[in-house]
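Listed next as structure tokens: two forms of one protein chain, kept apart as structure 1 and structure 2.
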Structure 1
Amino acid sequence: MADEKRAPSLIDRIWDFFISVKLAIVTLIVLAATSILGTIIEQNQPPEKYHQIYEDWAFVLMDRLNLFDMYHSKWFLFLLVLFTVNLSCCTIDRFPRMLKVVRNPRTKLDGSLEKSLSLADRWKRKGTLSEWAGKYAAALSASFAKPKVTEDGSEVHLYAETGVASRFGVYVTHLSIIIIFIGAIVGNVFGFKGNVNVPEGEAVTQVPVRGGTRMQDLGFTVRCNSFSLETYPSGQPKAYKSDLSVIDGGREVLRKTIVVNDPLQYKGIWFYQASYGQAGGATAQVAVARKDGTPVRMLALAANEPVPIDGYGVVRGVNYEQNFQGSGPALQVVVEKPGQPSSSFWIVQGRPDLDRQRADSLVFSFRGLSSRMFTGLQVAKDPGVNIVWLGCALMVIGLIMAFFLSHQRVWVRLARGTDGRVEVVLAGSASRNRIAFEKRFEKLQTGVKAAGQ
């Protein structure tokens, strides 16, 4: 038979799949569940840390599922793309019908429409249709919106509406979600996040990412000029900051001291102050001078590491005591001179002239211990972040349109009654916030009825 339903084509079935609300719900649930999983499982940590937490079989399984870097995994990217396509298809499928309703509203108040409207009022007036149509049109224009006038045989219809934009709120919200997901996909594919420790005075050009499994080239150099730590009297850290320089093309192009929540940004890459620590062991600072007080040099003695002094011998710091014989911090020094037996003696930090008692050509004074620090930086690049911000702004606009605006419509029908008078029907409806519209409709009733009296 010619009227038999035609079997849907492959394209139709694919289209029906992507406009399915069930698909959207399932995808959203999976995205929410995996996002919770990604919050519970700490992302992008070194493998050694995961081995401390999970059994070997669990580590292998989770690693194969990319659960340690799930936001950059292909399956998570697939979910983002699937939901974006699904939402886009749903919007494309439904938007033309909504647009048709908005562009071609029912401007005539016929019987079926009148029965569907709960807000309606009726009265009669003496006069002509055109006379009252003009008066009621003026009343609607003054208190609601300028009406569209339609003459249909022996009837005249007035139609006015406000808040049409609210019909587009859901589509603006859909668009915002699509844009946010596109931003997330861009950030997922082209962005990175990693952590790097930079000792004072040193520089890096690469950052380990994905739990240290891959090195990301920055395209420039970041140098830690210095690091400083401020503590409370209890010893707890109060504030810490890093003096960073960006070197690009062989010259310093940017320098900034960063603290927590005040990062450095260059070429779309952000450097956040994340941690700190001691780089290597401490060194003893020892000032060397001649017996007449002339400074010779400053020594940085690592534990038991020999440091030569030209024309004198080799000096080593072999022991340290925080409170040497009640005199405070002190360093034990060993001096080895060519052809002579080595000598060992203590120099006290609080007594710089103590070593003068030793009959030697050079005098050593202990200036205290010094340790080089490293700054821990979190390095991130997310080229999709501005797209996400755009989507967020659109979402706010869409939600305001969808939830705080209302499409309100009012009809007036005028017809000649059997008694020769003009029969008037006033009716209205609102897409949401019905209680507020009822109050407005009551005022409209009063104003329209009073028109021309």
Structure 2
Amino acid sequence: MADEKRAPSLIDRIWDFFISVKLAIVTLIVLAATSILGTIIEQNQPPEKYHQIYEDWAFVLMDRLNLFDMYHSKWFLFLLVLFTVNLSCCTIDRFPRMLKVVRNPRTKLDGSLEKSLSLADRWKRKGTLSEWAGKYAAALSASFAKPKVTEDGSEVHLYAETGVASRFGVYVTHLSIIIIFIGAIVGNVFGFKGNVNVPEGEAVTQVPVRGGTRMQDLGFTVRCNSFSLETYPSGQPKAYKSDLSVIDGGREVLRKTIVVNDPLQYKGIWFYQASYGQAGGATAQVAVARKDGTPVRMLALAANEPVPIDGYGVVRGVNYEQNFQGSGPALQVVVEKPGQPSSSFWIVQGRPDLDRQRADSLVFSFRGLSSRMFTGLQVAKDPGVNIVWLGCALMVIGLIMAFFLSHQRVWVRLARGTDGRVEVVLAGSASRNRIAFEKRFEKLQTGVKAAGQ
């Protein structure tokens, strides 16, 4: 017997713990306080960086507590789960009671209800109950809401309400948080995120995910046709543009130039412009011509890579200067001809004529450096994201319902008085914004009182 009694009480106690608003308040405070910690300690940095900042013992302690990646730690997850369980239990506990109240409103203004309402007015009229009940019902319908009429022996009750949806606002808001968490979980389980660098002209079919520990197959190919960087006249970056092609089943199915804030999407996988850089070293573009000006060929010289010219020798670009002796960009070239000592000279981009003065059969002119770029793409698939947006939309709707609607109720009771006249009581209450309701009630009072006079 004793066991039977204790068992439910323990469950009750656990249940009471999870449905308490005190727990909600404590969880909110703890979540806020611990979140601050994660903004002070920079998250997900390489260990060397933490060693520079913290003493060894502090590093070990913080590492044990997962403070370097705390938002993904088990204890933070535990807090979020506790928060969600608390939220769900509160809803399960209170929602049916609220629903009952909404479905079966107190349509009769009895003594105890009358006492609890601060807004009330009383007056007397000559005539019959039903005559006045009809008049007041019409007045309420016109200026408030159509009342429900209950006849109870010697009394007639009118009950009207508006804004009942405001009672559901808090539940819609709480539900929205749960939906957002479900969306986040779906995204984490069924989605992936990764970064990949694609040099111009090259293509990828896989991206590294989970910090590079796993390769994710895309199921199609993405090629970077070209990358370009636009700048404002001041030199600040204006746009990073990547011309991308999606190749699926051996043919190009989609081509789009993406910029930051305008990604490409194919089969639920999104490609975002995230970064860019130089793919490999730069090559120097050098035009070769005969003395008379007839062009021979264009050379693309990678640093120190020898390039042979038939019947002439081997050419190498060995040095580059941004501003050579005040004349702008220049390239140092070394020419090795068979059986001769190698010669070295500079060619200046802005002075193509200068090389003519060198006694040689060919003239070189420097056309500038060109470098192949790579585009850094953020690749993401998140099947939960629409669930998250649904939750967000519900949250906004819930907040508006909870804060800007008010459940307003008005009662009228008509009873036969001892002097034979009809005794009328008008009373009202509002779930929120009582000051505004007081004004509305005053108007209603004069309107209803004047009805049928």
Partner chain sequence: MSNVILFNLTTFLFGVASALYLGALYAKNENIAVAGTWVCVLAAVVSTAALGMRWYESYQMGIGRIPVTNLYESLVFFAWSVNLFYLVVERKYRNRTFGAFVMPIAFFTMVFAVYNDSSIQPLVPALQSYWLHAHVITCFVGYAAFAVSAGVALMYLLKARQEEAKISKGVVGLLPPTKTLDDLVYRAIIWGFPFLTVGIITGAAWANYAWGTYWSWDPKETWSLIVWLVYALFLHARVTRGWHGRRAAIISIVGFLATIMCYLGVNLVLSGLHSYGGS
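In this text, all values refer to a predicted model and were calculated from it rather than measured experimentally. Throughout, residue numbering runs from 1 along the sequence of structure 1. Rigid core: the largest C-alpha set superposing within 1.5 Å between the two forms.
Asks: Looking at both forms of the chain, which one is the form predicted on its own?
Replies: Structure 1, not 2.
Asks: Is Ser365 among the residues whose Cα moves by 2 Å or more between structure 1 and structure 2 after superposition of the rigid core?
Replies: Yes, Ser365 moves 2 Å or more.
Asks: When you overlay the rigid core, is the Cα of Gln445 off by 2 Å or more between structure 1 and structure 2?
Replies: No, because once the rigid core is superposed, the C-alpha of Gln445 moves less than 2 Å between structure 1 and structure 2.
Asks: Examine Asp63 after superposing the rigid core and state whether its CA is displaced by 2 Å or more between structure 1 and structure 2.
Replies: Yes, shifts by 2 Å or more.
Asks: When the rigid core is overlaid, by how much has the CA of Gly326 moved between structure 1 and structure 2, in Å to one decimal?
Replies: Reported C-alpha shift between structure 1 and structure 2: 8.4 Å at Gly326.
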